[in-house]
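First comes one chain, alone, set out as structure tokens in the form predicted alone.
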């Protein structure tokens, strides 16, 4: 299968509700991650690294920051005269339900139908992984599959309509469970779906006529015995963001060299919007240990086990531990932070003490002054 024959579709609002604090004023796709990236950078980079040249981004609400970030798609080489990147905002007068995947796809069916590509690849913005999609394409062709779904094995994410699957010795999906209650490790769908365009058009058209809303239940589960649906196991390092806890944990895991090496590969880069700035400035009395600090920062205090985004400032005497400071955040003199997530342009005034827990990080909203 030629990657240029695949149309990429990214859900930018996927599961916004599970990160309400961070998605109140932005989409899931534009949530900052890893010191300099946004969540949508990962599916977009996966697609272009394997050779996909046409990508549509579905947006239902709060997509101004997303549009500012992806622009014309130039950082991903998707600013093209032919194909390229297309924003797909809601075409209805009311705000669409981002959890209704069938309706979201039905609204952009003209875009899908008029594309020259024969296959469609669907991905979520809350799935962080640097995977080789060409292997998925080869697997789909080899199995002569109608639908191929990427899946992971591990702790089940706490997401609406999360699908748990069983596969046989040939990797064919034999059963699908929806919203299964279990504490054990299971094989769960990562919402990486490859399907022939004509089949997708038929399935979405039928589902829309019956007012179905769940892609997993009303399309995958319903057709598991009538279509050749295969599971492709994703072996690469990955994380499904399903809460503030998993978001915090995934960022903190990047402080480990093995995780960074698995996610940020030299042969398959993760692209993002470029913001040129000066290198980090460290004060004479500053101290930094086991932290990721982006360019443009001014560090005069102490930073330990933390991720600091571009333009953030930590004043003299301040101590920041096990925390995430997003773009242009400011921590005043002698303030102390532990297990805190600071959104963009937030300010912690001098001598304040804020502390959360690794399992319950304290969140400070965008542009708030404490």
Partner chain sequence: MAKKTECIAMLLAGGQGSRLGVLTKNIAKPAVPYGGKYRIIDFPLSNCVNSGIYTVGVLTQYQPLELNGYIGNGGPWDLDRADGGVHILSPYQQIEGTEWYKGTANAIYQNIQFIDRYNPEYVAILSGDHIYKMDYAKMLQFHKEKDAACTIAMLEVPWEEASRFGLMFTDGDGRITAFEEKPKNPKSNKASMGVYMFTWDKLRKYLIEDENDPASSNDFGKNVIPAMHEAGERLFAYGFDGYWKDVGTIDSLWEANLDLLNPKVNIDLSDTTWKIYGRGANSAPQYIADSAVVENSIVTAGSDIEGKIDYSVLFSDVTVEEGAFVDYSIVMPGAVIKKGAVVQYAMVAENAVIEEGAVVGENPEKCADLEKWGVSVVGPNVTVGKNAVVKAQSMISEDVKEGETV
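Because the structure is a prediction, the values reported are computed rather than measured. Positions refer to the first chain, counted from 1.
If you look for the form predicted together with the partner chain, you will not find it shown, but the lines that follow are about it.
Heavy atoms within 4.5 Å of the partner chain in the predicted bound form: which stretch in 219 to 227, 132 to 140, 293 to 301, 169 to 177 meets that? Of the options, only 293 to 301 has residues within 4.5 Å of the partner.
Which of 106, 111, 282, 212 has a heavy atom within 4.5 Å of the partner chain in the predicted bound form? Looking at 106, 111, 282, 212 one by one, just 282 meets the 4.5 Å heavy-atom criterion.
Quick check on this chain: which one of 186, 88, 255, 234 has a heavy atom within 4.5 Å of the partner chain in the predicted bound form? For this set of options, the contacting one is 255.
Does residue 288 make contact with the partner chain in the predicted bound form, using a 4.5 Å heavy atom cut-off? Close contact exists here: in the predicted bound form, residue 288 approaches the partner chain to within 4.5 Å, heavy atoms only.
Using heavy atoms and a 4.5 Å limit, would one call residue 205 a contact residue for the partner chain in the predicted bound form? No, residue 205 stays farther than 4.5 Å from the partner chain in the predicted bound form.
Please run the contact check for residue 269 against the partner chain in the predicted bound form: heavy atoms, 4.5 angstroms, yes or no? Residue-level check for residue 269: yes, a contact with the partner chain.
Residue 63, heavy atom within 4.5 angstroms of the partner chain in the predicted bound form: Because no heavy atom of residue 63 falls inside 4.5 Å of the partner chain in the predicted bound form, the answer is no.
May I ask whether 17, 29 and 360 each come within 4.5 Å of the partner chain in the predicted bound form, counting any non-hydrogen atom? No residue of the spot touches the partner chain in the predicted bound form.
Stretch 58 to 86: residues contacting the partner chain in the predicted bound form, 4.5 Å heavy atom cut-off: Contacting residue: only 74.
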